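What follows is a pair of forms of the same protein chain, given separately as structure tokens and numbered structure 1 and structure 2.
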Structure 1
């Protein structure tokens, strides 16, 4: 079978996107400047940069939670803000894992994970069934009916990942999803995410502070400058998949290159 034709337009695009966060007092915070980014269908893009450089802001813009103060974005070739307000239908294929788990304390883990399905009108039995399946896959077996406050930080984060995955979003935005995990769980989850991406061919934009993690997962690594964030460099990672060996010299070479670029961007 022939390889599928490359889409004419990328699934995600930012053109000259900049953002100033208004503040209660004082000048606005300039978080992003002139970000031009194109993410092709099925592509895995990692975003790295200093704390406070605007990574979360960028993801929030892509999820339609923040309207950029300059420039425009496209999701699947259309501008979701064209009508002047957020078009929920345009953002429907987008799922997000937030930097904070943001679980609802009044719902059990199972109901938190199933919430996106409830909003889609899926019945209770199927919701629970799928949520429980996903919880097991993410190492939350036995905690399906627990309340969020009974979970550890890392477990909460995994529950929030399950919530994002349950509706199989075509575009997945992940904001440091593995930040609160121990090294071993983190390795497992990273490998699982690679499998998931290979299996579903979903498009992923993944924010992380770990350069090896970015190199392990991504087709391209986007480096942002310190605040205000601009695209300092984009490093292509052409290592073959599935990637397993992080100690291989080829892998280490890419890691070194990304690190060097990042240091250069820091100026």
Structure 2
């Protein structure tokens, strides 16, 4: 199956975005400078770069967790920082998955997954039904009543992804969600995420240090320069889906191209 053509209408946009991390003493640390980025509906965009280049800061800006120091962002055509204040409704279509699952240890898997609905006032029966549906779809069937301490790292991360999906977000932001997993579990989770994106066609922005992982998952790979981070290059990944053979010459050619662009960005 050929890779789908990328739609033209962006659901996420940054224009001239920059961010400075304040310090208790001395000048602020400049994390991002003049980041221009558009992400189209249904697109899977991976962001790669060296440690400290601002990848996570950019994702938190897109999620509304951090206000940009400079520039403008739009979520589905709306400026979510009106008159200097965060508009929660503008970020309603956005779900976030962090590297650490951040599950509440005193809640079961089902209750952790259903927590966003509880905060929205959704009734218990509907929360349980939707959480159990997601658990089945993400390989957690039979573990709905387990506590986080009883789960493997991969299963905890599955629960974290389920929690982010419980509100049916149109946009899913993922900050190195598989970075702490062992290699085999990471490969399984990456394949599962590809399947999930194929089924849901959610818009995904995925931060990773792994170039092969980025190429396996993404329609485009965005490369950031070392701090302060700015967009150094964007590589289109036109490989057909589903992608299964990471040893194929075509796959390895894209990996080499992304690696070369990243090395060039390092100067």
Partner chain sequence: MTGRATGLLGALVTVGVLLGAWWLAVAAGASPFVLPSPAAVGEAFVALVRDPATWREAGVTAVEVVGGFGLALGAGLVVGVALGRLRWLERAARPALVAFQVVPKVALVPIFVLWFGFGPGSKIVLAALLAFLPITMNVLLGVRSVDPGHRDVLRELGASRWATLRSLDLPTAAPAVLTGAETAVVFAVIGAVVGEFLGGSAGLGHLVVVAMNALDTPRMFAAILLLTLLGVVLHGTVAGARRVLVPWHTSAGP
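It should be emphasised that the depicted structure is a prediction, and the values quoted were computed from it without experimental measurement. Basically, rigid core = biggest C-alpha set you can superpose within 1.5 Å across the two forms. Residue numbers count along the first chain shown, from 1.
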- Item | Number of the structure representing the form predicted in complex with the partner chain | 1
- Return yes or no for residue 190: a CA shift of at least 2 Å between structures 1 and 2, with the rigid core superposed? no
- Query: 2 Å or more on the CA of residue 90 between structures 1 and 2, with the rigid core superposed, yes or no?
  - Reply: no
- Task: Look at the chain as two rigid parts and give the angle between structures 1 and 2 through which the smaller one rotates, in °.
- Result: 16
- So, with the core fitted, how far does residue 140 move at its Cα between structures 1 and 2, in angstrom? 5.3
- Query: Cα of residue 125: shift between structures 1 and 2 in Å, core-fitted?
  - Reply: 3.7
